[in-house]
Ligand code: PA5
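Take a look at this single chain in structure tokens; it is the form predicted on its own.
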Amino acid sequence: MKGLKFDFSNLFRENVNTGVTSEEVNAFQENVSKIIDEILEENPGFIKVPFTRKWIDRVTDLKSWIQSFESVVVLGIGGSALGNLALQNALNPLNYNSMDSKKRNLPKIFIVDNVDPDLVSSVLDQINPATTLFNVISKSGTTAEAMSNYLIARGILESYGLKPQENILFTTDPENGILRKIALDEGFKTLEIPPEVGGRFSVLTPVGLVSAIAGNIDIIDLFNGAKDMYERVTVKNIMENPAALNAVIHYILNSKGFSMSVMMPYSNRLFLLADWYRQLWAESLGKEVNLKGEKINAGQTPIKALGATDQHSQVQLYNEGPYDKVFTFLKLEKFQRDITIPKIHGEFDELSYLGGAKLSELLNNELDGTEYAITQHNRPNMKVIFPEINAYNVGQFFYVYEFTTAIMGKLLEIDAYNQPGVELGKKVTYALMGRKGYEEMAKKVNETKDNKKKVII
């Protein structure tokens, strides 16, 4: 089988006594068939992205311009940044930015996903503004974090006497929003964020494709992986559909108290896929009310861990703590590089067994050891297996988890595509920063702060 493999064995009761039964899963067959039909009929934005050639074409048209810069700095947050981080971490060398520029022969890539002044300053210290492309990503153009960093970047360019239009690219709504208005008024180059695609589902749109093409990632193969995964996730038979089976089992386990979902890659290059998954799962499924307006406080808390690092920080809890976590290991079968451990200190049994082994062998045996221990402690777990890390397989991963999330949303009977729970915090930030129109909110917030009981030590 080409592409990703999914091992659900340790989610079933035959192997883990807290797992699900085949009868429990099969009871969802009729509902899942209807859900898949509903999703395809509703045609949410992410569904059609891999089949929309214009995104690839538009970004490819700008390839020479993008790659002509010494540095590309992505200014975004949340869905405008996490997919970019995952793509770069997985599909370019971990030391990409520190490689010799002649060997890399491509721009350095920085993704500024916060307004921490230490972070922003550290990136600015590493670039020459005159030879840097700033890709500002915001659908509305009102995202405080991205727009603050845009203003900083523009201010620096103007202080150097440069024309911002030559060093700034807007990735934004095709018709509406502040960035679109600025672009029309001042002549900035732009790329579109499809209005119907939410940020956390946007990695395969121009949101993620600009940094991908800057680093020479094969964006066509990303799309090919996603398109091929579409064929697998639209199969009606639960037991033949990785997205459906994953969603149904997580739904059943969540209803039994397994309220946390741990994703644990055994590969540093796959680690930020777990970061991307955390936003997708949390923001899509964490909802106060269902579609009927009933208060249900739904959602499963996503957690990331890294093997083998977190065997030494979290696995004690995972093995012996509460029965509230379901685990997904990401396994890599073929590493891009490998190292053989030297045969030194053969006189010590505690060391001699390592000599001659490869680090990839050690790491995957560490995974097997953790999987065995977790299973012996009756903790439900599964594996997503990457034959190798390439654009095709990463595209498959993005798409299967987007579809899994859509199915899970239907099972929970919630809107998986909105995020009302983040709006209040945004409005308070606007108010505290003095944005016009938020004066009453600022007054209310300050009164609340003044009147609250204070316990400060």
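Note that residue numbering follows the sequence shown and begins at 1. Source: prediction; values computed, not measured.
As for the form predicted together with the named molecule, it is not shown, yet the points below apply to it.
Contact with the named molecule in the predicted bound form, defined as any heavy atom within 4.5 Å, is confined among 368 to 376, 320 to 328, 131 to 139, 349 to 357 to 131 to 139. Put simply, residue 279 is close to the named molecule in the predicted bound form: some heavy atom of it is within 4.5 Å. Contact between residue 143 and the named molecule in the predicted bound form is found at the 4.5 Å heavy atom cutoff.
Put simply, residue 419 is close to the named molecule in the predicted bound form: some heavy atom of it is within 4.5 Å. The named molecule is not drawn, but in the predicted bound form it has no heavy atom within 4.5 Å of residue 302. For the candidate set 199, 206, 107, 242, a heavy atom within 4.5 Å of the named molecule in the predicted bound form is found for exactly one residue, namely 199. Note on contacts: among 78, 307, 194, 177, the single residue with a heavy atom within 4.5 Å of the named molecule in the predicted bound form is 78.
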